[in-house]
Ligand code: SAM
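Single chain ahead, by itself, as structure tokens, in the form predicted on its own.
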């Protein structure tokens, strides 16, 4: 039987003990009624361990960490995701985490609705909770980084990945698959997905000026969340 996996909130330097605190501890203690002696998988400092519960309280569940298990690495992809309707965006963030994305940068684009742009900074902690929960559910050993929202110009300036790919509705020939197949197999990837309504002409030029390749997923126009998940699925299939 597959053991339930948790991502520790705290651990000691030697990684012999770890603990869940806050909401995680409350759920394990009150809902799952954990007891000392139960065994789970626990990730501490990015390392996966078999772990035995040593003490249970509503605000803290402590573990003794035992043998270390082999863990899969994250997909080396940073997703620059233009901010769009929060319910759709949260679904995309959750699924991107399940697919192995390493980092998500919310981007404030020209066509991001004004009220969403203004509210985005207050949603970041919720997005970080979503990726943590999705990482545990999908049995990852790491939690993707979720950056604070950035204007496009600053987001592009911070992208130092060797392979930079922009999903562009105006691109008809260069496919995402083709771009990945000719790239260095181990190269980290930055992948940009635009807002509802797409990028403006000025933004498209800004991508070009910063060395981004324009790629297509095919002839159909996809919603932003669909495009993000399709692109990550293709990338995962070709890089796994």
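Residue numbers count along the first chain shown, from 1. The structure presented is a predicted model; accordingly, all values stated were derived computationally and were not measured.
Beyond the structure shown, there is the form predicted in complex with the named molecule, which is absent from this document and is the topic of what follows.
Chemist: Taking 4.5 Å between heavy atoms as the contact cutoff, choose which of 28, 180, 53, 215 touches the named molecule in the predicted bound form.
Modeler: None of the others qualify; the residue that does is 215.
Chemist: Tell me, out of 159, 167, 131, 120, which residue has a non-hydrogen atom within 4.5 angstroms of the named molecule in the predicted bound form.
Modeler: Comparing distances to the named molecule in the predicted bound form, the residue within 4.5 Å is 167.
Chemist: Of 53-61, 196-204, 182-190, 30-38, which is the one stretch near the named molecule in the predicted bound form, taking non-hydrogen atoms within 4.5 angstroms as near?
Modeler: Heavy atoms within 4.5 Å of the named molecule in the predicted bound form occur in 196-204.
Chemist: Within a 4.5 Å heavy atom cut-off, is residue 223 in contact with the named molecule in the predicted bound form?
Modeler: Yes, residue 223 lies within 4.5 Å of the named molecule in the predicted bound form.
Chemist: My question is simply whether residue 227 lines the interface with the named molecule in the predicted bound form - judged by any non-hydrogen atom within 4.5 Å.
Modeler: Close contact exists here: in the predicted bound form, residue 227 approaches the named molecule to within 4.5 Å, heavy atoms only.
Chemist: Heavy atoms within 4.5 Å of the named molecule in the predicted bound form is the criterion; list the residues of 17-50 that meet it.
Modeler: Contacts from 17-50: none.
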